[in-house]
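To begin, one chain is listed below as C-alpha cells, in the form predicted on its own.
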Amino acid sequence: MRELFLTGATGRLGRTVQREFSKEWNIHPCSGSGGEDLTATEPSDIVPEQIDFVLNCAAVSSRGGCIKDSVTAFRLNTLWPQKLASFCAETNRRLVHISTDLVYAGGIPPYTEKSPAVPRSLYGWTKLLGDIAVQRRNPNACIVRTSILVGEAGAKMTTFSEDILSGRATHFHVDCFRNHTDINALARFLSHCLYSSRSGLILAAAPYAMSRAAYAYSLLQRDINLIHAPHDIPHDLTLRPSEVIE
C-alpha cells in the first residue's frame, strides 16, 4: 500500500476519502479535532518519513467561521497550504490541494481554469491566496477546484444534500447556480489524481449546474420555500469542468 498523509481528516471530504481509500492506501490522518493545530505547526514536524503522497483537505470552510475567526481562517486556508507546498517541493512528495468555486465572483460564467478569480467573501479570498501560494511554491502540485458537495459524508459538517434530507435546510435560493458534486465520486477522482503526474489547476465537478432550489426540489419532490440569495453570495458559479465528476 502507498502511504498518504491526509489533512482535514474529520471533515466532510476527509471522512469520505478515508472510506473510499481504505483498500488501496495506508492513510495517516491529521485534523484539528484530532489534536493537531496546523496553524501553529510545521509540516516537517508531523508528516511521517515514509509518506510519499499528501492530500490537503484542511480548511475553515464556512462563511460564518471565517468571519468569526478571520485569523485562523487565514492561517489554515492560506499560510498552511503555502508551508505544505514548500515542504512537499523540498522533499519530493506528491501534493494535491483542494480548492473551491467560491474564488469566483459569479458574474461571468461558465468558469474554466483560465477564468479570472475575484472572490466575494473572506473565505474565497483566503482560499484563493492559498491556491496562489501552492502554485508558486510547488509548480508540480495539483490544485483540484470543485463545487458544492452533496452525498453522504458522515461528518460533523454535513453536505448540502444531507442538510436538505434532514430538514436542516428549509429555504432555498432560486438564483444561486452551482455544480452539485457527489462527494464520493470526487474522492475516487482524487485517488487517481494522486497517482497521476498532473500539475496546476484542475476544475473537477459535476457536468452541469442548477440552482440550489432546483436541486432541493429534485431530492424532495415537493413544494419548497424559495428565496433570493443575499447580495454577497455569488449568484452563478457554473463551472465548465475539465474533469467531470459523476
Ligand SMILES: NC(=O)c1ccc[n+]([C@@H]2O[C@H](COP(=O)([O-])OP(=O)(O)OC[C@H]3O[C@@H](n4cnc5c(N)ncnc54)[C@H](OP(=O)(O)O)[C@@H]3O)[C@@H](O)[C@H]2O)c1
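Residues carry their position along the shown sequence, with the first being 1. Note that the structure is predicted; figures quoted are calculated from it, not measured.
Heads up, the form predicted together with the ligand isn't pictured, but that's what we're talking about next.
Heavy atoms within 4.5 Å of the ligand in the model of the complex map, among the stretches 151 to 159, 86 to 94, 104 to 112, 166 to 174, onto 151 to 159 alone.
Note on the partner interface in the model of the complex: the residue among Leu38, Ala209, Ile27, Ile202 having a heavy atom within 4.5 angstroms of the ligand is Leu38. Site residues Thr78, Trp125 and Asn138 are none of them in contact with the ligand in the model of the complex, judged by any heavy atom within 4.5 Å. Mapping the unseen interface onto this chain, Cys57 counts among the residues with a heavy atom inside 4.5 Å of the ligand in the model of the complex. When the ligand is considered in the model of the complex, Pro241 lies well away from it, no heavy atom lying within 4.5 Å.
In the model of the complex, no heavy atom of Leu237 sits within 4.5 Å of the ligand. In the model of the complex, at least one heavy atom of Ile98 sits within 4.5 Å of a heavy atom of the ligand.
Residues Gly8, Ala9, Thr10, Gly11, Arg12, Leu13, Gly14 are the ones in 3 to 18 with at least one heavy atom within 4.5 Å of the ligand in the model of the complex, listed in sequence order.
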